[in-house]
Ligand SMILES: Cc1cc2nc3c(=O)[nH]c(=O)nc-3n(C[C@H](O)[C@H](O)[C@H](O)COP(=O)(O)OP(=O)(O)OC[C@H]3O[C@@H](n4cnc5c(N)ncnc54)[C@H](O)[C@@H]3O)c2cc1C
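Here we start with a single chain on its own, the form predicted on its own, put down as structure tokens.
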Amino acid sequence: MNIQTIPNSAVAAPRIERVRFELRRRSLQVERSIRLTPGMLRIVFSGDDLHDFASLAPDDHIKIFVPTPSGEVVPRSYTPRRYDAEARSLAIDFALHDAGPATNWAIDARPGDQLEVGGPKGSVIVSPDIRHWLLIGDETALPAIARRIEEVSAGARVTSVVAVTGPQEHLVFDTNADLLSLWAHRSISDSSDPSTLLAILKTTGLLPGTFVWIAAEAMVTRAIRSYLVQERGHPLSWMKASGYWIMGRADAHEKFE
């Protein structure tokens, strides 16, 4: 494949708007659960507390407060995958990549089970005028990537590059975008190894005015960000990168400025 890397210096930085919300907890109940793939479980919640819920960006985060066998309640961060204001329902997709309290709770959840959620505390809205997107991530980023693909304006060109354990974890996206969906296969034990994602990115073009969004294990995000900036010359003003999780640390994340 021909690699296309064009200087972005003449392209104005995208408009980014930050919106803050009042931070509050909501008490919800499980309506139903849907196994999307062997490693991805969707739980749909409902409740009157959702009457004023808002999520304006695909990569927003909410906290869910899950009980542990010891009786402790621990917070975990998740993406609001889909929200139906009229039905007052909220879908959250759980990547079943570990045996932590949130994963265990999601697997055992049944209709009528109660759960508290908090947030989001705000949204970072990237200009809707962007016509080219490169979305890079792993299982934990798939809910945000899928939501971006679904919500991007019609006719936009989107390339997604996602690391999963195999073809059984591929998702099909409902979108009006011109989508190229690429999958990198690696084991869960190699989740902090960026090599499979980098191998694909090295054969992927970067048009000027492409907004790059990266979210994965922190070491993977760092390596991909460095590659795109240092070797491909992509400007930081056209990029958002997050370490959605850190190997060996529960509910830890890393932001990259």
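Sequential numbering from 1, following the sequence displayed. The model shown is predicted, which means the values in this text are computed figures rather than measured ones.
The protein also exists as the form predicted in complex with the named molecule; that form is not presented, and the subsequent description refers to it.
Only one segment in the set 69-77, 164-172, 82-90, 120-128 has any non-hydrogen atom within 4.5 angstroms of the named molecule in the predicted bound form, and it is 69-77. Although the partner is absent here, A154 is not a contact residue: none of its heavy atoms lies within 4.5 angstroms of the named molecule in the predicted bound form.
When the named molecule is considered in the predicted bound form, L56 lies well away from it, no heavy atom lying within 4.5 Å. Put simply, V30 is far from the named molecule in the predicted bound form: not one heavy atom of it is within 4.5 Å.
Using a 4.5 angstroms limit between non-hydrogen atoms, R249 touches the named molecule in the predicted bound form.
Think of it this way: in the predicted bound form, the named molecule has a heavy atom of just one of I149, A95, A109, A184 within 4.5 Å, and the residue is A95. Proximity to the named molecule in the predicted bound form, defined as a heavy atom within 4.5 Å, holds among L207, L36, I188, I200 only for I188. Along 32-71, one residue reaches a heavy atom to within 4.5 Å of the named molecule in the predicted bound form: H61.
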